[in-house]
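One chain follows as structure tokens, the form predicted alone.
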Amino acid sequence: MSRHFLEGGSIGLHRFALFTSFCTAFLIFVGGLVTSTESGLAVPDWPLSYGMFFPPMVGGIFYEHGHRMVAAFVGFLTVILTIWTCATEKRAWVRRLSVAAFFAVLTQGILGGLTVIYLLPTAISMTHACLAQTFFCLVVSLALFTSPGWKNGLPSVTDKSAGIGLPALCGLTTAAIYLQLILGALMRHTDSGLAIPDFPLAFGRIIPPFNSPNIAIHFAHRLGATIVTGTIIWTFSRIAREFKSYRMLFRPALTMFALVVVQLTLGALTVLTAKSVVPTTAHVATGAVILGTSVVLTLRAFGMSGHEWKPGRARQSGI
């Protein structure tokens, strides 16, 4: 094991960050179950549940209180991750990133409580959903930055394209995915998921009649899906053509391409099954995994193209 890796902390920190990332993805899936089963107000009080730590796990309480238990566990993991990172990590910006993750999960818990106290207001519910994706990106980034591959130095690549650079293209794809997830949250929390009841057409047309805001929100989400699919295909084809020999780029690009096919299928099934719980919830979770994969790809693209964090200090320290 190289000196550079030993100086930055242990492999244990990376594995713990990775474990926290997987648990966060599971938390997003469980949160999607709460929405899909309409269990958001199955427990009317907060932070306790019917005045208890462990209420009877029946009906919607199983989903809502189960969500709280998983969220508490992820919060606990984040506290450990932040303390561990701040105690062992020599790179100040990584320590600051772990602190940001801690405050993100703390804010997320408060927002979760407010959604119950104020009876699921759209603004708070949407913020809660979007912050969940942001927090997921933070812990995924920590898992990447503490990995041996990153800390021992990424291989350099030469981008010969005359058009948009690979890091910029990957960043554009990540931004498009995140905006699409915001639209998805808006659609779920305004009850617009079945505002257009058919697929792939919309009321038998390509462009539906915009008779209500819900139809406009739903159709915007479909347009967003088209844009995201286009950017992912663009990114994958670019990497497959120019950087296929670099596994650190090709593998996440291929994964993202495969996942978007799954995601489009789940989106169609969500409509065609009238928001059946399984495809609807899987659609939410898969969206988060696509975002996390795109974040990893984007950070690697920047790192392998010579874009470093704190360039002067990084070169001096050998990071």
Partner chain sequence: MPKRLVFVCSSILVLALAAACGGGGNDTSGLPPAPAGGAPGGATFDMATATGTVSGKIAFEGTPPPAARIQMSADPYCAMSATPETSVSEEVKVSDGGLENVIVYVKTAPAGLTFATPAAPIVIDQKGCHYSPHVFTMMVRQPLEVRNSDMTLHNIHVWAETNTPVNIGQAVQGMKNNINLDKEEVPLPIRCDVHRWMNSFAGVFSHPFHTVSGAGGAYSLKLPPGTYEIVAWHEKYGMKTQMVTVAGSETKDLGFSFSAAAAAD
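Residue numbers count along the first chain shown, from 1. Not measured: the values here are computed from a predicted model.
Here the subject shifts to the form predicted together with its partner chain, a form of this protein not shown in this document.
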### Query
Is the gap between A274 and its partner chain in the model of the complex 4.5 Å or less for some heavy atom pair?
no
### Query
Might R95 be said to contact its partner chain in the model of the complex, defining contact as any heavy atom within 4.5 Å?
yes
### Message
How about V261 - does it come within 4.5 Å of its partner chain in the model of the complex, if we only consider non-hydrogen atoms?
### Response
no
### Message
Residue-level question: is C86 within 4.5 Å of its partner chain in the model of the complex, judged on heavy atoms?
### Response
yes
### Message
Within 4.5 Å, heavy atoms only, one stretch in 279 to 287, 42 to 50, 249 to 257, 23 to 31 touches its partner chain in the model of the complex. Which?
### Response
42 to 50
### Listed residue that, although its partner chain is not shown, lies within 4.5 Å of it in the model of the complex (heavy atoms), from F73, F103, W234, F199
F103
### Message
Which residue, A162, L119, A123, I206, is the contact with its partner chain in the model of the complex, using a 4.5 Å heavy atom cutoff?
### Response
L119
### Task
Could you list the residues in 59 to 75 that come within 4.5 Å of its partner chain in the model of the complex, counting only heavy atoms and keeping sequence order?
G59, G60, I61
